[in-house]
Each structure stands twice: as structure tokens, then as C-alpha cells.
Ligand SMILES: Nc1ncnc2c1ncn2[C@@H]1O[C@H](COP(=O)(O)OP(=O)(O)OP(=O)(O)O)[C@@H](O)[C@H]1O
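Okay, here we've got a single chain as C-alpha cells, the form predicted on its own, with questions on binding and movement later.
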């Protein structure tokens, strides 16, 4: 397969959004659209049908469409959910299509659990930007003097983030600040934090086996009717995680260069450094060459992490998914 040709051809068929009102065998549906996922809640079955689109989110907004991104995200998340099932329960019921996950409907915790192991980032909310500006405390964690960008932190830290509504901006907070907001109980937070630490340690070890560094990631969790905290949304994908190549990390760090990455940081850097955009106002359109390069990085992350070849399903994903789900 000529991947470059396939990606350019798919530019005209990226999955932007879905707009169904019914699905075969399901009762009334409640629709909710996230930045990347279209969700259809079936309260009768206690399930959520999640369609992972090709939308790319950065700077807390949708900035473009990347060929096969939804397929990569969903299939990579399914891989990680299977691989970590022994560490934490998750929401997966089934994945009937490359872009679809059916999950248990739960009460989402009003927090993103962000695990960080390196002093990095380009957004205004990143630990590096705070450190560069002189801060020596981040989300309640003390940071030593003398660190350089992209160096390891003394130990991985959990930096909770509020979950803003679509169009809003997430805010990094300390544990104490989060609990003071009253949206998450101390018990729920402690159980979720323990799961996040286990998953991150496992993800870092697996990434190292694959020649990668898992620099940071975020987890979302929910609570079942029985009170069990489970992992939802996605896990260790290029959207939720920062992956670097390990083989030349030290050399590039010594030379003051950015690590080679396998995540959407490439697009953030393009917008910030070449387009002069850092999240204020409407984003500029992404050129096709940036969209294709981003797609290659998403696919490379899937193949490097899983050790298997990515098989893109070309064409009209919306029609294909509608047929699988009996959606109209």
C-alpha cells in the first residue's frame, strides 16, 4: 500500500461528525458531542455508543481533520484497554467498527487525571511554561531549581485538571483545590489517583519496550452505579499522551533540540512556531501537508506501540458506521 497516496486520497473523506437520531435495537438516544467523539447515550441499556471522528483537538478546541485519526485512536485505545484490564476496570463493552466503541454509561468524574514525568509542553497550561516563568510549584508539587526543558522530573506527578465545557479552557489545579470545588469526593479522587499511577507506570514500561518514552498522559474515569471507579474515554493514545522516541532523546536533549515525537505535539508546534497561533481566536486552517504528516505520526504511533501493522479502512466512514449500527 502506498500510504502517502492513501492519506492524500482520504483527505476528501475525513469523518467530521455524525448526526443520527436512531440506532437499530436501541430506544431513545441522548446525543452528546465531545471535541473528538460523538456520543449516543442509551439509558435503557446503560450504554454509550462512541463514534471516534477524525477531528483534531488542540488548545482546547477543534483545529482540523486528520485522515484515519479516528480509526487509529479507537483501535489503539482498544489495545490499551485490553492490555491494562488486569490493572483497572474499564468501560468497554464492544467495538463493532474500527471507529466505534460501545461503553458502559457511568457518572464521569469532573476531573482529568494528568500524569507527568518530564518538564515539557508548549501550551500556556504546561508545566514547562509555568517553570520557565519562574514557578517552582505546579499543581501542589514542589519543583527543584536548575531543570531544563524536556528533562525528567524528580518523579512522576499527578496534576489534576478541570474539565471545561466545549469551547472553554481546562485549568490545572492542586488536589486540595480540586477537592475544595466539591465536584469529586476525597475517596473517589484517591481511588482514581491510584489507578492513574498504576496505568502510567505500566504505560511507561510498555513504551520503553517499544523504544518510546511516555512523557505524560491524561486519564478520564467514571463511577458505576455500584460505586466502582473505572477508566473511560481513551488511554495512552496520541491524543491523550506525549510519546518521544527513546533512541535519540539524550542526544537531542544535550543539543537543546526538541525530542522526536509521535503525538499531536507536531501540530501544536506547527501552529505555535510557523503559524504564530497559540490558542487565541479562531485557529488558522491546517495545510494538507500538515494534515498528512500528522496522520503519518498517528499511524506510526499505533504500529510502534502495538507492534502490528495499521490497516486503514478507506472511504466514507460515516456510511460504513451507519450500516454497522443501523443508524439513521
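Numbering follows the first chain given and starts at 1. Please read all numbers here as calculations on a predicted model, not as lab measurements.
The same protein also has a form predicted in complex with the ligand, omitted here; what follows describes it.
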- Can any non-hydrogen atom of residue 296 be found within 4.5 angstroms of the ligand in the predicted complex? no
- Query: Any of the heavy atoms of residue 291 lying within 4.5 Å of the ligand in the predicted complex?
  - Reply: no
- Contact label in the predicted complex: residue 50 to the ligand, heavy atom within 4.5 Å: yes
- Applying a 4.5 Å heavy atom distance criterion, does residue 175 contact the ligand in the predicted complex? no
- Item | Listed range touching the ligand, judged in the predicted complex by heavy atoms within 4.5 Å, from 42-50, 23-31, 281-289, 265-273 | 42-50
- Residue among 65, 300, 58, 36 with a heavy atom within 4.5 Å of the ligand in the predicted complex: 36
- Query: Exactly one of 191, 141, 206, 91 has a non-hydrogen atom within 4.5 Å of the ligand in the predicted complex; which residue is it?
  - Reply: 91
- Relative to the ligand in the predicted complex, which residues of 197-222 have a heavy atom no more than 4.5 Å away? 220
